[in-house]
Ligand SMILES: Cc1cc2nc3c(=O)[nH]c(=O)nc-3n(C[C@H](O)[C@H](O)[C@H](O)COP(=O)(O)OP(=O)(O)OC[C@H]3O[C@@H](n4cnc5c(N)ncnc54)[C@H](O)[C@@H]3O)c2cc1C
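Before any questions on binding or motion, here is one chain by itself as structure tokens, the form predicted alone.
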Amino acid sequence: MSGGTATQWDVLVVGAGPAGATAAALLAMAGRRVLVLEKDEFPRFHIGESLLPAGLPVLERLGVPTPADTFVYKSGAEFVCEASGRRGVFVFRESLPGCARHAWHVERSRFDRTLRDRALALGAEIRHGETVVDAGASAEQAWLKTRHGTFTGRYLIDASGQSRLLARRHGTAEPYHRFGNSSVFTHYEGLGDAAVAELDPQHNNIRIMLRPEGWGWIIPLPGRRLSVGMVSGGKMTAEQLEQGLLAGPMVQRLTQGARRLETRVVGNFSYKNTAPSGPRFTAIGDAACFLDPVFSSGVTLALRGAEAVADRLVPALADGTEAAPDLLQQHDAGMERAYRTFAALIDRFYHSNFAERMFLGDTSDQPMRRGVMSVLAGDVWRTGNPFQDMLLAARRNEHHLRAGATPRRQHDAN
């Protein structure tokens, strides 16, 4: 069929990444007719390779396999300041009860394809090479327009990632100026035995590298590969990565004898869609909010947000109430709590000495440590976490976070 006008779908989804594929899979599992339009062919390269424990129940619910060529065990995070020689290790098993005790690092091209394949197996229709040029919803129906035709349905889910289709169309994307806004990264393959041993296959912690120009990551990936990158409030270049993090002793040691792959630069991120849902539409994943990736929250928020939307949408479609303006009001409030929590933590990371006190200092006897670990695990919808309560009570207001100073890491390198 050359278009979509003759077909009435229950749900139209823009994007087959983690958010879109998860929503499509759960809706199809419930017997709903779902059409997903994805502009890219899979597999495709993507950053965002470190998951949090809070996302694991969604993968288990979907029945997603975790083969070794896609998933690497992750026990926690290690914060490192090479200039001072200080470091702090935080493992997920230290968090408050109720969340998984580990997470995964993933090869994103395979991970995204695995989620896509699961949605297909459950009955969703996914079409690649389909670029959505416009989308919207009225009181009667939702619709998508591509170069090949117009598709109509009862509900629209924008999972278009950083393309943020509906936020651009509605003019509702507001940036977080105080967070990082550019990154540069590369991969290495063929790591040696010494590097594999240092990364420790029993733990495989992500390394968060605290540096004056921003922060960096070192992530072990399947097949003796390593992801290395930097995030900064200013414009980042490949030369800055080479002269900074890549020249440091840890990366030099881990990548000895390995082959460096392509270097990529990404800019203009950290934003929030201030109107994420309405009658017959919602935005999920990065299309709803993209925070600075320092605490690896992106994919986990996408998985959990997609699950929550599907769980509210299935009964609404059955009852014929999917056009209700307040259908996702409770969901939006829950996601807002998650965004506010991570936003407050990120703001403290950039604009206070919190990272040095908490992540590099002696926190073994601090009662807040378990609460910190719960937030780092993505367990941000719970109650009874005094650290999260403190973040939400003392956080700077949203206007302050989306305006003002350019982020500048304030850690003591001495």
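All residue numbers are counted from 1 along the displayed sequence. Bear in mind that the values here come from a model prediction, so they are computed numbers and not experimental data.
This next part talks about the form predicted together with the named molecule, which is not shown.
- Shown without its partner, this chain lists Ser95, Ser277, Thr114, Ser160 as candidates; in the predicted complex, only Ser160 has a non-hydrogen atom within 4.5 angstroms of the named molecule.
- Although the partner is absent here, Glu107 is not a contact residue: none of its heavy atoms lies within 4.5 angstroms of the named molecule in the predicted complex.
- For Glu174, no non-hydrogen atom is located within 4.5 Å of the named molecule in the predicted complex, even though that partner is not displayed.
- For Gly285, a non-hydrogen atom is located within 4.5 Å of the named molecule in the predicted complex, even though that partner is not displayed.
- Using a 4.5 angstroms limit between non-hydrogen atoms, Ala103 is distant from the named molecule in the predicted complex.
- Contact annotation for the candidate site: Met209, Tyr339 and Met358 all lie away from the named molecule in the predicted complex (no heavy atom within 4.5 Å).
- Proximity to the named molecule in the predicted complex, taken as heavy atoms within 4.5 Å, picks out 32-40 from the listed stretches 55-63, 368-376, 32-40, 347-355.
- Taking the named molecule as positioned in the predicted complex, none of the residues of 309-327 brings a heavy atom within 4.5 Å of it.
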